[in-house]
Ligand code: KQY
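Just the one chain here, laid out as structure tokens, in the form predicted alone.
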């Protein structure tokens, strides 16, 4: 990024105007989701995925308001399937990843709402992205911010919401494999990326991990690998099998975290949560997906990039994935130890995983404001 571009980004920055990104465990005004319907990503006409999204929405709606963004052609169907308490808003998108295409909501010191509108290019653009076009997805964040009458800040770099995780105290977790991907921001340096994170999230401490979860088609989003559970406390997806490619990834991430400090200069507290028992796309599941020119790999035998770190923190509850595999119980217990005052609600999430993501990927929290 050139000096001129950095100066322009700084002049427009959210942080300079008093906005920062709150931690996900702070009080929410609600949650945003997007209805799935792509038949080249979601099997059987997206019906199983829609049922899974409904289950996630219902679980969250028991604790805070939920808004589902739905295309015109699917509006009646979504309204009929979703609980009446979920607000359904007509809006177009290319797919259903609210975390990545929705805004990263901010809050001003005076209590007003803002948000970062990150440019979106389907996780890599024409050379490395998963589908084309992505123009409708790129417009989602701006539309949501307008609906909420929030201050909108269009960022100068492609950084998806799943590629960042903040603790609300100045620290942000990211991965090199994702943020340094030249298919997103060619020519941009690590220092340039850090400056944008600071200017648009209000961070002052960037903690760099290396690779993300193996097979993660986003390029390695941090929200599938590690997350903050409290200021200065990190939960890391962990693998004990030396034959598993995630074994080396988790060890590298652990070493980096142990060498890092929070924004106050204190060592991080690190907990491990087991990697899910390995899961693979079945022949039946693969056969239910339409074949198109997209770059999404939905072939039978493909390992699913599963993680228990990819959960949603609602008001008073953790909405987490279950996969019907042996590791589910241990993961539930770890989450209960991390959030002792929250209800741990598990929702079957294999259908979401088949589409390339998980519960955190399909949700976007909107913080409570008081202005």
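Keep in mind the model is a prediction, meaning the values are calculated, not measured. Residue numbers count along the first chain shown, from 1.
Although not depicted, the form predicted together with the named molecule is the subject of the following passage.
S.K.: Given the named molecule as it appears in the predicted complex, superposed onto the chain shown via the C-alphas lining its site, indicate whether the pocket is open or blocked by backbone or C-beta atoms at a 2.4 Å cut-off with 3 or more atoms counting as blocked.
M.R.: Here the site is open.
S.K.: What I'd like checked is whether 97, 123 and 361 together line the named molecule in the predicted complex, meaning each has a non-hydrogen atom within 4.5 Å of it.
M.R.: All of them do, each having a heavy atom within 4.5 Å of the partner.
S.K.: Decide whether residue 217 counts as a contact residue for the named molecule in the predicted complex under a heavy atom distance cut-off of 4.5 Å.
M.R.: Judged by the heavy-atom cut-off of 4.5 Å, residue 217 is in contact with the named molecule in the predicted complex.
S.K.: For residue 41, is any heavy atom within 4.5 Å of the named molecule in the predicted complex, or not?
M.R.: Residue 41: yes, in contact with the named molecule in the predicted complex.
S.K.: Considering non-hydrogen atoms and a 4.5 Å limit, does the named molecule approach residue 298 in the predicted complex?
M.R.: Looking in the predicted complex, residue contacts with the named molecule include residue 298, since a heavy atom lies within 4.5 Å.
S.K.: Quick one: is residue 130 in contact with the named molecule in the predicted complex, heavy atoms, 4.5 Å cut-off?
M.R.: Residue-level check for residue 130: yes, a contact with the named molecule.
S.K.: Taking the partner as it appears in the predicted complex, which of 242-250, 97-105, 167-175, 185-193 has residues with heavy atoms within 4.5 Å of the named molecule?
M.R.: Result of the contact check: 97-105.
S.K.: Within 4.5 Å of the named molecule in the predicted complex, counting any non-hydrogen atom, which residues from 334-351 show up?
M.R.: Counting only heavy atoms within 4.5 Å of the named molecule in the predicted complex, no residue of 334-351 makes contact.
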